[in-house]
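Take a look at this single chain in structure tokens; it is the form predicted alone.
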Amino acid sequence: MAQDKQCSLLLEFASRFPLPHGARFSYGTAGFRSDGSILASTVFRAGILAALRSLKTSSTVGLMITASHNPVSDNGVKIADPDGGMMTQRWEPFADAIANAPDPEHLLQLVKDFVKEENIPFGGEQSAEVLLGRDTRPSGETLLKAAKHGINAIIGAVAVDMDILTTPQLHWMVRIKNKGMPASESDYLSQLSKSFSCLIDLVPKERVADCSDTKLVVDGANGVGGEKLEQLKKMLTGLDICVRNTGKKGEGVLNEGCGADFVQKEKITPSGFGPDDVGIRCASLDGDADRLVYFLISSSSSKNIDLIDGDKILSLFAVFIKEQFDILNNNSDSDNKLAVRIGIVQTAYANGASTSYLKQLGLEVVLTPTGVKFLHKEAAKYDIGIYFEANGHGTILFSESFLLSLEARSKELASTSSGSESHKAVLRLLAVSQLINQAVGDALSGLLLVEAVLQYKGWSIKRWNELYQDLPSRQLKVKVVDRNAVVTTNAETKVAKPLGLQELIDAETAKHPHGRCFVRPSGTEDIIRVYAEASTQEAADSLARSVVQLVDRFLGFPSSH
């Protein structure tokens, strides 16, 4: 009887959200993403998906409506798993299937088959909870209603509207709520401000930066991050933040000529920045505030910038964390050293100079295929795992067991040598674990950690940028008949198929000092991406062009040969 009621309820709700004619949707790293005007049926079905995920895990999950750094006309939806991370990949084929079900009857059958296969209680008395968030896009409100209908179509499921949020805030809330702790937006802001203050209080007096260097100008991408940073900065001391491109009415368009994606790709000043900002530390968030890059305007006569990307952010964090363990273990006897495995996780797109720098520090560096889901999973294998993509998305993960050992050491030192350098080092590491968002990359928490570390080191942005010199690089793409003809291995750095292509790439690469090149198929279209590095820009450009010709010869359209 309960099953019948559930089936009729789902059919009734689904009939209100027909699939747009000719549309096809695919759940990837970013969830579903498309033009906001055709997404209602997809978001409705994502609501069903989230409710079933909550029933399956007996935990709260999240549903975020955003298209991140995409244009304002786009929108999207993705599910946050109970740990605050991305929805398990195992459910992605089901997500695709229900998003593309042609009618309510097909949708119902897919759901019935899946709940049976996954042993999910369906139509019974078990409860489910889904936290809902959205960014500031105009289409967000309509899509939020569709998501609520999808959740309400599953008996026992409750939708909790958390209002307008950054994507990382929603992920944080899901993670914290499932730990049984308060998880409102004010709890998030409070945790960030308190842990930042703790780190600033632990800055050595002799390293305090010049007062003139506490000024930070932030490009909010005319998105949700600017608005949230305005709230957060009122809770901070020791930092002078000026937010531009806040998204207020009449100020500008979301992600248009601004934001982390624009700054990182174009390497020019975003709108709202100019000659008056020369020499000042500047940062850029993306539309939903999960990416962060810094930049320096070095000349009033040019729009060009010195970009400080995710690789440099990762390196700054790695230097700081390694230094805390050096302090801790150098001041301990051999029986009392704190054993730790620190892992640095990058993709092949990380600049080779950053990888060399990190290895020179004595840190373990591993590469994964492109995509946050691969980076996050690898970072979780370490006591402390640090990952960042060059685009500015990344975070630091602390294992639960290692945090327990840090807390135990803190108590021990508090009773024996409170205020010692070792005790301060432990307190700093614990504060970092509270400040950084361990669910997902978070531009706001990342920005505060950068600022705390720069103050701790007494470094200007110029000094930070001089950690290493990026190798010149070039990215190109080749249209091909079938991208699946290229199969890669070794974290996408080597071509396994077609046979013979890798040997030719190696021969071209060997012609250039500091040469490095790899190719990989796009995840969404029939193109092969080519990345090349060398000691000069001219050499990097030449290497990339040579490899494009090789790929075209092996895989290009016959008419182009």
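Numbering starts at 1 and runs along the sequence shown. Predicted model, so just to flag it, every value in this text is computed and none were measured. Rigid core: the largest C-alpha set superposing within 1.5 Å between the two forms.
Keep in mind that the form predicted in complex with a small molecule is missing from the display, and what follows is about it.
Heavy atoms within 4.5 Å of the small molecule in the predicted complex map, among the stretches 58 to 66, 40 to 48, 507 to 515, 22 to 30, onto 22 to 30 alone. Here is the short version: of Asn391, Asn100, Asn152, Ser193, the single residue with a heavy atom within 4.5 Å of the small molecule in the predicted complex is Asn391. Checking Trp459, Tyr349, Phe402, Phe94 for any heavy atom within 4.5 Å of the small molecule in the predicted complex turns up a single hit: Tyr349.
At the 4.5 Å threshold, heavy atoms of Lys494 stay clear of the small molecule in the predicted complex, well away from it.
Residue contact check for Thr536: none of its heavy atoms lie within 4.5 Å of the small molecule in the predicted complex. With a 4.5 Å cutoff on heavy atoms, Glu503 does not count as touching the small molecule in the predicted complex; it lies far away. Although the partner is absent from this view, Ser127 stays clear of the small molecule in the predicted complex, with no non-hydrogen atom inside 4.5 angstroms. A displacement of less than 2 angstroms separates the C-alpha positions of Lys233 between this form and the one not shown, with the rigid core held in common. Core-superposed comparison between this form and the one not shown: the CA of Leu55 stays below a 2 Å shift. For Arg483, a C-alpha deviation of 2 angstroms or more is recorded between this form and the one not shown after rigid-core alignment.
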